[in-house]
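Starting off, we have a lone chain in the form predicted alone, written out as structure tokens.
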Amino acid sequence: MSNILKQDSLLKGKNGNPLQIAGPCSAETKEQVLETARRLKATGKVDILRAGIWKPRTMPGSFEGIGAKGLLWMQEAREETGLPVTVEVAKASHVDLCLEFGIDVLWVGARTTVSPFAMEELANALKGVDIPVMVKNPINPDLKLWIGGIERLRNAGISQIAAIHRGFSYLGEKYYRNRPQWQIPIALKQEMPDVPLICDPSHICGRRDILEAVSQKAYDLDFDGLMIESHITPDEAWTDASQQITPEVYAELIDNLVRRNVGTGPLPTELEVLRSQITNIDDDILNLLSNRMEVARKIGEFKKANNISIYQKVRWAEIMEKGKKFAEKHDLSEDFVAKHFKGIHDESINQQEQVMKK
């Protein structure tokens, strides 16, 4: 185990400031890891260097990480820069190798947190070794699953645990890569106030242009730190190129953030949490409306190609009847649902008329 810093300080920022974790999404080459580490160290804005060594990917054949040799590169980066290092682990053999190479901090990814079996395997591998561990939220918005993963590690004797909020998968999402759903990490903080809460804007955003806004939101909600992906040549990155930034841009982003609460602000009230839920639902509605209009335009193209009139009386009557039954079943006024469908229908007609005029 590295003794760069006392373990009890690794999950805390310096001088009361938020913890700052940065580094490439994936370790690709020795030169890339070392140069990224040097440039991040030069910014003076980083507490821990991160890099993915093993990459759980959706599709086979994708780059799934450089493997164990990347741990040697992380070792060298730590020795040269003095920065503690952290990598993701997904199974017991990963833990064993990280302990062998003296990795300072481990993190558990969203695709692992979602599986109680995987979390139990990691917990068993960590019994008797009190290394700091950070746990990302599961890919689905399940607070109990997140808490359960943390509890499994605690039961194994891990005393130094942080939670990482990286957003949640949502099929209809268009703005974020992973919807933040801020009320869930807020609820985690209320349930487990002793667990540091770190935001991962890179995976929430999926793109560079909104990284700063999401990072500031995390600061405004009194998060305890940030984990941001940084690469020396982001556009050439082997994974997640669009969400990574150079070390110099990273430093500018951190400088632009304003820390208002400085760890003393109150947790959001129940009303604020409920309002956050309303905001998410409103986002869902708008995204679904956008999706519906995309389909309406395709229908318009079909009607144009086949010389079919835009307004279909029978179809409209079916929609209204369905809306009436829904209103009765779900305690909504029939008038409200009718106005809702009429507005959507009118916009669909407008969209199809524009297609017809082209």
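Predicted model only: the values in this text are computed from it and were never measured. For every residue, the number given is its place in the sequence shown, counted from 1.
This next part talks about the form predicted together with phosphoenolpyruvate, which is not shown.
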Can you pick the one in 45, 55, 39, 303 that has a heavy atom within 4.5 Å of phosphoenolpyruvate in the predicted bound form?
55
Just to confirm, with a 4.5 Å cut-off on non-hydrogen atoms, which of 211, 198, 105, 110 contacts phosphoenolpyruvate in the predicted bound form?
110
Sort through 72-80, 190-198, 110-118, 155-163 and report the only stretch with a non-hydrogen atom within 4.5 Å of phosphoenolpyruvate in the predicted bound form.
110-118
Residue-level contact is defined here as any heavy atom of the residue lying within 4.5 Å of phosphoenolpyruvate in the predicted bound form; does residue 25 satisfy this criterion?
yes
Even though phosphoenolpyruvate is not shown here, does residue 94 get within 4.5 Å of it in the predicted bound form, heavy atoms only?
no
Partner contacts for 116-146, taking phosphoenolpyruvate in the predicted bound form and a 4.5 Å heavy atom cut-off:
136
